[in-house]
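Heads up, the chain below is alone and in the form predicted on its own; it's given as structure tokens.
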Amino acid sequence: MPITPIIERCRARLEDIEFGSVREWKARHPGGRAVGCFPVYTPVEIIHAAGMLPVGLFGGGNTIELANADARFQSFVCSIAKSTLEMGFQGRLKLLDGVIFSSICDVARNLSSVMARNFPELHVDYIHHAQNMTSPSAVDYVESEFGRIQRSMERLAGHPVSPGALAASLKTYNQIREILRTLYRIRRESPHLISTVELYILARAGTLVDPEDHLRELREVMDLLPARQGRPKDRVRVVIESAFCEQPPLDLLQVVEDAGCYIVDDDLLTGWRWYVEDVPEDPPPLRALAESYIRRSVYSSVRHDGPRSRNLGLVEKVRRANAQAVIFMPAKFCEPALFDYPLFRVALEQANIPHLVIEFEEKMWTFERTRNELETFVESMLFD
């Protein structure tokens, strides 16, 4: 059996803005509750351990027409905030019993309050992540915050979360992240065997189903992948950066690949691949999650990592992936990404790494100008 049918099934799932997969899960779990998780990071293990379904909440893409959300936000706000709110006004979030936001930016903070005010029937939570990552109390603080979220999820679920259930959930998500890291390594070493569009579809579709179902899906792909045939092509190896929250349209990722690029690393869906290694199973689960958030997480523009330089992190990512260039892909009006770009640019220039900037928003319909820019960039790399 080829991998293509699995990818097609996953693509249909993530393009269904009616959350059909959530509806199916609820039909199989009478009385079960679903919780939407806004980027960038939510401790989904806690939600899952409470017997609820964590659901990736990434906005409405280019299928949502804004009729109400514009009146609640300024014009210079990212698309994902507006379309997520609009989905609520259109009744598309009724399948969700709760939503969780976190301190990734001012827009996410404000969206949390706007959602709570406009949809009082929805359980809205907000995670105050640690700001001083080097403080001796950082792990203690994050553990206490995760404990507060656990108590909140227990109230929503109607029953306590046992340490055993949380440990089991942690193990399941460790297995998922381990396979995703393996798939990223395969794509990095042999990008002709699995494209970024395919890998992204597979990963994002997993945010809409029970993690056990996603784990089976990933294992099926891993079993089928060795039989795939393909020949390497003469393409430019690039890293995509700054797409950590609002996700670029699938068609835009396809344009990048069609223009002659192998995307060999990225920060797509960062929040669902947050840890660079497994969360230890020895300490108490909440403590293990807190320690991993502080010490085993990827660098990100939405948090301050103290002595860990994001600039050097990007250069190291490029070197590790044996990439030739970076494509910055920030969402329009994304302040964390746009604030970091000047710093990233200096670091790349000092390391003699070429880069290109492609700004996007959910409502992009045509990509011809972007295609031309990419093709020109690729030709300058190949024939310099």
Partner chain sequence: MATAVTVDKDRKYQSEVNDHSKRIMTEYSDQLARAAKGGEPAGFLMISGNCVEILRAFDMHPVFPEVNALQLAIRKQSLPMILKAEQMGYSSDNCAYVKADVGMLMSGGYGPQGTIPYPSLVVCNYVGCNVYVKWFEHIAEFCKAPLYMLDIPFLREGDAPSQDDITYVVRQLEELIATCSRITGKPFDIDKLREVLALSARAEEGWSRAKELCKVKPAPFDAYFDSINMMGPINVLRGTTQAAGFFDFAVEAFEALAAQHKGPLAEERFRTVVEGPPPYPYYRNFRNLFSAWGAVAVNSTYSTVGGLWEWGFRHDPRRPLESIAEQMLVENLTNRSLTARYQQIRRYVEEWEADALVIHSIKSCRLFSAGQGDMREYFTRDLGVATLLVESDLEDPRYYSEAQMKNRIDAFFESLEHRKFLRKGTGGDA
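Residue numbers count along the first chain shown, from 1. The structure displayed is predicted, hence computed values, not measured ones.
This protein has a second form, the form predicted together with the partner chain, left out of what is shown; the following refers to that one.
Among the residues 145, 198, 86, 267, the one placing a heavy atom within 4.5 Å of the partner chain in the model of the complex is 145. For the options 135, 90, 254, 174, the residue carrying a heavy atom within 4.5 angstroms of the partner chain in the model of the complex is 135. In plain terms, the part of the chain that comes close to the partner chain in the model of the complex, with a heavy atom within 4.5 Å, is 106 to 114 out of 258 to 266, 106 to 114, 164 to 172, 225 to 233. Within 4.5 Å of the partner chain in the model of the complex, a heavy atom is found for not a single one of 48, 274 and 315. Using a 4.5 angstroms limit between non-hydrogen atoms, residue 342 touches the partner chain in the model of the complex. Shown alone here, residue 310 lies within 4.5 Å of the partner chain in the model of the complex, counting heavy atoms only. The partner chain is not drawn, but in the model of the complex it has a heavy atom within 4.5 Å of residue 140.
The partner chain is not drawn, but in the model of the complex it has a heavy atom within 4.5 Å of residue 338. Shown here without the partner chain, the chain has 71, 72, 73, 74 in 58 to 75 lying with a heavy atom within 4.5 Å of that partner in the model of the complex.
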